[in-house]
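We've got the same protein chain twice here, in two forms, each standing alone as structure tokens: structure 1 and structure 2.
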Structure 1
């Protein structure tokens, strides 16, 4: 860069960069450091003073049945939420990949849940899946004598919550895949057809590799949002039924830190959560990006 900067560097940072950076540091980066500090203490705002306990919180965490359960719940939820909307979203996008008012309207149908608040989505589904709600009424009308307790059966509730998240995120995947499909050159598909490739072969050999960037975006967005699942759990099941059947780590952090006031312990949990999500995102991003470059 031999060019002289258009603005003096210090002035440029002080006036253009600093305001945003300072607020970001105060409200995101500093709290992470404070949280890490807390995680090394037994801090509880209602019984001061806090003592330094070193890595004790972390040691306890990995023997804590409740935390290990939350880890398991979060893992199951994340796997479902990353896979299902991706797969179904691709299917729906292929189905809707046509021009015309009908397909435009149907795209809007799938996208509407994306712009709804997760609280609204949670309440709608809580009512729908209630033991005596419309879904079970319909099942009874179809002759099912004992329809499942979608939200009251401890073995089932987590899968119901995961389905709700999938329903809301599906439209996002559909739109991203549709955009990807529009980027597939028609000449390539025609050339493949002339070479005798059937629709399945054309999809696997031409379309799917070109959708790599869409897959990357969807996977990373789903991964991050699945990992911080809180609203649905709070509204739909409040962590239950029973103990911890649907409590994610994100849910446990706030329950431990704000409801039970064990701030030190909750902060250790938050740190573990941060490390997991950062590691996972980095690995997935690397892996998927390499796939894009290899084309």
Structure 2
């Protein structure tokens, strides 16, 4: 039997794949390439023309204390946001993995923050954590004379911002883990119970290994979301209190590019951020997917 003509097959593939490829090239690859081009110049929209400086922006970047501080802040924020919602989300999902209208209602309650705008969430928590806000008023009512400055204390502000991000992302983790829990075959749990395994043993030997895909999804989504955190910082602390105590890399990129108009330098920061996120995501995916394969 002769092979089918290649032209119809190419046309068939192009008709389905071309729209996605064009969108990807226009809205993902093109901005990345343009940003990389800007990063090799000293481009400032209010001081034309731009001059080619090569890798000078990158060299200055790793000598810039402000950028290194932002990298440290982003790392701390990312570790907290990846670990805390994952752990709490798994615990809440296990508790809600039951039938009944009450558990269905609680699932909706936990997921509600996810659908809210991050700006709205930030404004709400800014009011709650204000020095004269409801949280500190409640602490004073309990006898605490000098409540913490959740957003005004440089030692606490970053952890307050991280807590807000964790609070909003918790519901996402709960839903993903619930989907994983409901996909665990009941016969495996029954077989383990017949063999004498208790609840903890059943969870560790049967349920947890089968939640590997859920762990992968949550970890990657949280990693990317935490590393590009900007809106929470902008609304809640505006990078303060003090000098850059909560300023993430994403916050510094926009502040440098839009406020200070140093587009070339900001583009170099954005490219470094892209490389870091891509590298971390690749490593995490490879590690977690290997765990899935080994099941």
Partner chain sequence: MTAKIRPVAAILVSALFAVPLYYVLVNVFKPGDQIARTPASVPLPPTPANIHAVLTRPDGLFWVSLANSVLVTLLSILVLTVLSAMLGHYLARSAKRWTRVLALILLAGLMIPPQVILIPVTEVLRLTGLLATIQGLVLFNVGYYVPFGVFVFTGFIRGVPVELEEAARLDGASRAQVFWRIVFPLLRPATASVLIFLGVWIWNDFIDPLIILGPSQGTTVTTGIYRSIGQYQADLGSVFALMFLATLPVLIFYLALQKQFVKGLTGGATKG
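Residue numbers count along the first chain shown, from 1. The shown structure was predicted, so the numbers you read here are calculated from the model rather than taken from an experiment. So that the term is clear: the rigid core is the largest set of C-alpha atoms that superpose within 1.5 Å between two forms.
Each of the two structures shows the same chain on its own, and it is structure 1 that derives from the form predicted together with the partner chain. If you fit the rigid core between structures 1 and 2, you'll see the Cα of residue 18 move by 2 angstroms or more.
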